[in-house]
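Single chain ahead, written as structure tokens, the form predicted alone.
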């Protein structure tokens, strides 16, 4: 059972006296058979909770600095028309009571809390996005992460790993950007993909007839979910772990990279689709930065002198994190140079930075 949470805010040009405004408002709640309990605010405005027989809960607050807030909570299956009528009546009454004193009215769509299908996911820079998700099509817990594939009417199926939106079937722009945005040819080349369990990069690179692609993905359950539920992204490429010009290694990429370094194995292109760069240098993020430096260093070591390394960065709004990442590029065992591109990834609902890195 889920809850619907409505909010109605009135910003005022001057503070209002609750003794004159509140009684007329309470009459509207009484018509809905709701009873109020007034709470002591120690002189900080007026606060009342109102409860109805059907489980509806209203929090009415008149703030001393000139703000009136109304929060209405009800069960999801409650009569939506009645709720709209109640909110409309409250808005109309407040406009009449506070005529000339209202500078702004804000009424938000209902927030659905506790639903079986979670529609709310944060952007990288901490904004809450409500998606048009209507069902969960796949969910599994692996040894490494929680895996969900959710269906969006707008974006198709969306892969979500540990609560982080990774890729939707609409996000060809992401795949193209992390492959170099059409500025390189993979024909006849040796390619290494790190991560990429959704199969999108592999499927696109195969189309260019490379010499060989090696994809290293640690989580078989990601592959299992995507090959069934992300076929608009991966096609049939994940149906087999080997093909004419590709192989998928279900392994940790670090020992694989170290083995390639020891053997002198080289690649024309390395595509890192493992993780976005950390957003801070707080202690809990230190191990992530160390991991990314390790991947970078090993990848550059297996890159041909004329080769290129492609990777995602993070949200364009996270300028400090991106700067920190670029500083790491100056600490590698081999000097490198880089360029970056900003791309709009549809399901991210934000601009995303991608890097191209090469040996100097």
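Numbering follows the first chain given and starts at 1. Given the structure is predicted, the values throughout are model-derived calculations rather than measurements.
This protein has a second form, the form predicted in complex with another copy of the chain, left out of what is shown; the following refers to that one.
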Open item on the list: Check for me: heavy atom within 4.5 Å of another copy of the chain in the predicted bound form, for each of 15, 27 and 97, yes or no.
Closed with: no
Task: Which of 306-314, 325-333, 293-301, 35-43 lines the interface with another copy of the chain in the predicted bound form (heavy atom within 4.5 Å) - done: 35-43
Open item on the list: Against another copy of the chain in the predicted bound form, would residue 71 count as a contact residue? Criterion: heavy atoms within 4.5 Å.
Closed with: yes
Open item on the list: Is it the case that residue 224, even though its partner is missing from this view, gets within 4.5 Å of another copy of the chain in the predicted bound form, heavy atoms only?
Closed with: no
Open item on the list: Taking another copy of the chain as it sits in the predicted bound form, is residue 351 in contact with it (heavy atom to heavy atom, 4.5 Å or less)?
Closed with: yes
- [ ] Answer for residue 219 alone: is it within 4.5 Å of another copy of the chain in the predicted bound form, judged on heavy atom distances?
- [x] no
Open item on the list: Within 4.5 Å, heavy atoms only, which of 260, 269, 131, 138 is in contact with another copy of the chain in the predicted bound form?
Closed with: 131
Task: Residues from 98-125 in contact with another copy of the chain (non-hydrogen atom within 4.5 Å) in the predicted bound form - done: 104, 106, 108, 109, 111, 113, 114, 115, 116, 117, 118, 119, 120, 121, 122, 125
